[in-house]
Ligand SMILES: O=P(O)(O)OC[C@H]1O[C@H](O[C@H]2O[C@H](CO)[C@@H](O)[C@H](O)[C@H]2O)[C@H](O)[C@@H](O)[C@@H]1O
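Single chain ahead, written as structure tokens, the form predicted alone.
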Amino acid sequence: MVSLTEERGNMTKKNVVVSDAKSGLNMAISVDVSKSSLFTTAAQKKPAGPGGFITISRKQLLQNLEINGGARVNSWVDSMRASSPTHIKSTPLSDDQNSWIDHHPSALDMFEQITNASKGKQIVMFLDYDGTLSPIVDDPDRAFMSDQMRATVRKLARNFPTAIVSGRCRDKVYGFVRLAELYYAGSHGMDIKGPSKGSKYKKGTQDILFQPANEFLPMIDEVYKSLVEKTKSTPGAKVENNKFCISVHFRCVDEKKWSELAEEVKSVLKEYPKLRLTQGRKVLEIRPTIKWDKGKALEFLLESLGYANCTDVFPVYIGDDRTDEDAFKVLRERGQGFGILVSKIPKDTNASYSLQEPSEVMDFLQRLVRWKQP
């Protein structure tokens, strides 16, 4: 296991704890991180070999973990109403919708073009969970993926490095997926762990563990308890502790109660300026105000695989939520790979392609596996 600890001494050195899972031995070492490229996007030659430790510049890391303000909650009630099932109706495609599809065509229809663009490059797969591998359901604790989807993801991981990147607690996502050969990034990338077994892409014998928001754990627990108490009077509301963040699910809340729910959440967060509030798909997310998100998690995982600054890597990220836009944006800025938005309706997105629902995601992944193994 590799974890980052507080730096001591030279600013270009980082203390790293290496734990061998089999022997139980721990050894603290100091490694040079001054030439790290965790957040560099310029394409350069591939590093020599996959071995060695993950190196992260303290200066770059602190810049990306900078505390940047309090919670912002304006206009959420209107946004919540807009995402209500009663406001999404099945209507013929408008000119704007057709235009959106032209700019974000189906990844299934464009499969040949996608695979042609990836030839000679290492595809790395990043997958959101809720709404991507599993359907959106009223009870988030019952967001189970199908056995067929699990078998598909297992085959995918045998052919490409594969990571699950979710807002959920990492342990909970693992409980849903149950595939030890994957990388898992829970809590919007604030809790990252490498494969425990079965992955040919795993580096050496150590697992990867990265948790940039550990100092916020006591605060998260306090807010979680307060929100559980505050939302008791709102039927249908569900508060979920995702370790480094909190989700307040409102998909089962009556429309007349939405305003009250938003006010209850706001009242709790007034006392915690180091936490921020954002809205996802039928969920309010409370997260630490560090500059870390699913896009940074994607970059970290590419770094850990040795592909951070390579011209021969092709990352593919599939997700359905606003929080996935951070990863889509990173891919656009890198000029490598692409994002696929899972949505039945047009949305403002940085993704290049679209799929309508998890069943289409499974079709796309199955085609990718067959293409890899003709």
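Start at 1 with the first residue shown and count on from there. Everything numeric here is computed off the predicted structure, so don't read it as measured data.
There is another form of the same protein, the form predicted together with the ligand; it is not shown, and what comes next is about it.
- Only one of K232, R281, R158, R150 lies close to the ligand in the predicted complex, with a heavy atom inside 4.5 Å, and it is R281.
- Proximity to the ligand in the predicted complex, defined as a heavy atom within 4.5 Å, singles out one entry of G236, P105, P135, P273, which is P135.
- In the predicted complex, at least one heavy atom of S247 sits within 4.5 Å of a heavy atom of the ligand.
- Although the partner is absent from this view, D191 stays clear of the ligand in the predicted complex, with no non-hydrogen atom inside 4.5 angstroms.
- In the predicted complex, the ligand sits within 4.5 Å of a heavy atom of P140.
- Proximity of E240 to the ligand in the predicted complex: non-hydrogen atoms within 4.5 Å are present.
- Only one segment in the set 158 to 166, 265 to 273, 108 to 116, 295 to 303 has residues whose heavy atoms sit within 4.5 Å of the ligand in the predicted complex; it is 158 to 166.
- Contacts to the ligand in the predicted complex (heavy atom within 4.5 Å) from stretch 109 to 131: D128, Y129, D130.
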